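Consider the single chain below, provided in structure tokens and representing the form predicted alone.
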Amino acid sequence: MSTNAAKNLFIYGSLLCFAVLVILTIDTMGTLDKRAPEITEKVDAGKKVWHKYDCIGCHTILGNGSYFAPDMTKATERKPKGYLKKFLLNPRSIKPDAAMPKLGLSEEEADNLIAFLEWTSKVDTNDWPPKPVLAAAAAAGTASTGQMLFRKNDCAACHQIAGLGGTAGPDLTHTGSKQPDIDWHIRHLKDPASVVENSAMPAFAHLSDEEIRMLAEYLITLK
């Protein structure tokens, strides 16, 4: 290849790459607003609450923050809003040994913060990070129906088993030894507040009686 040919290849190749970059940039900017969740006044107010109480000092959100407490990116997908509000207003009324202190949020601040967390939950993170609890068993096809229900209903968002899972609810590693009565677990799954006073756990009303029994049968094996 001659010097002039190499020079022309470099120049025209660079121009082509630049043109492609400009086209892709214009296309991305034109569709960005359509892909992003709508930012309302309540969402904006909730973000200000997030900063006011320095939530990022303990929690991560969209990869930013500290790792002392659970990631909050998909908080409203993993926990009911009613639970979140109770926890935000007074964490230790839900979990007596909660590490999070009572911050003194008002009802309005709690609602706004939940609106902000709902906004972040709508951001597409390509299902990252993966869910660790029971993932290996599910992939291998060795998980019981009860285990699969535990995973499908994201119980690990609040509960730990053998050190894996959330800490908002009780550790279930030995729940079968502590409470071996399957009927108790069935009642608890159907209506948590009927057996645990002031429980913030949501009822699993969407599950059939058979599914609730299979989930309860799994829980009593945890010993």
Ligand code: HEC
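Since this is a predicted model, take the numbers as computed values, not measurements. The first residue of the shown sequence is 1; numbering continues from there.
This protein has a second form, the form predicted together with heme C (HEC), left out of what is shown; the following refers to that one.
One residue of Ser121, Thr145, Asn153, Asn90 in contact with heme C (HEC), assessed in the predicted complex (non-hydrogen atom, 4.5 angstroms): Exactly one residue meets the criterion: Asn153.
4.5 Å heavy atom contact, Pro170 and heme C (HEC) in the predicted complex: Contact check for Pro170: yes, within 4.5 Å of heme C (HEC) in the predicted complex.
Heme C (HEC) contact in the predicted complex: Lys178, any heavy atom under 4.5 Å: Heavy-atom contact with heme C (HEC) at 4.5 Å: present for Lys178.
Contact of Asp27 with heme C (HEC) in the predicted complex (heavy atom, 4.5 Å): Because no heavy atom of Asp27 falls inside 4.5 Å of heme C (HEC) in the predicted complex, the answer is no.
4.5 Å heavy atom contact, Glu38 to heme C (HEC) in the predicted complex: No, Glu38 is distant from the partner.
Residues from 194-223 in contact with heme C (HEC) (non-hydrogen atom within 4.5 Å) in the predicted complex: Result: Val196, Ser199, Ala200, Met201, Pro202, Phe204, Leu215, Leu219.
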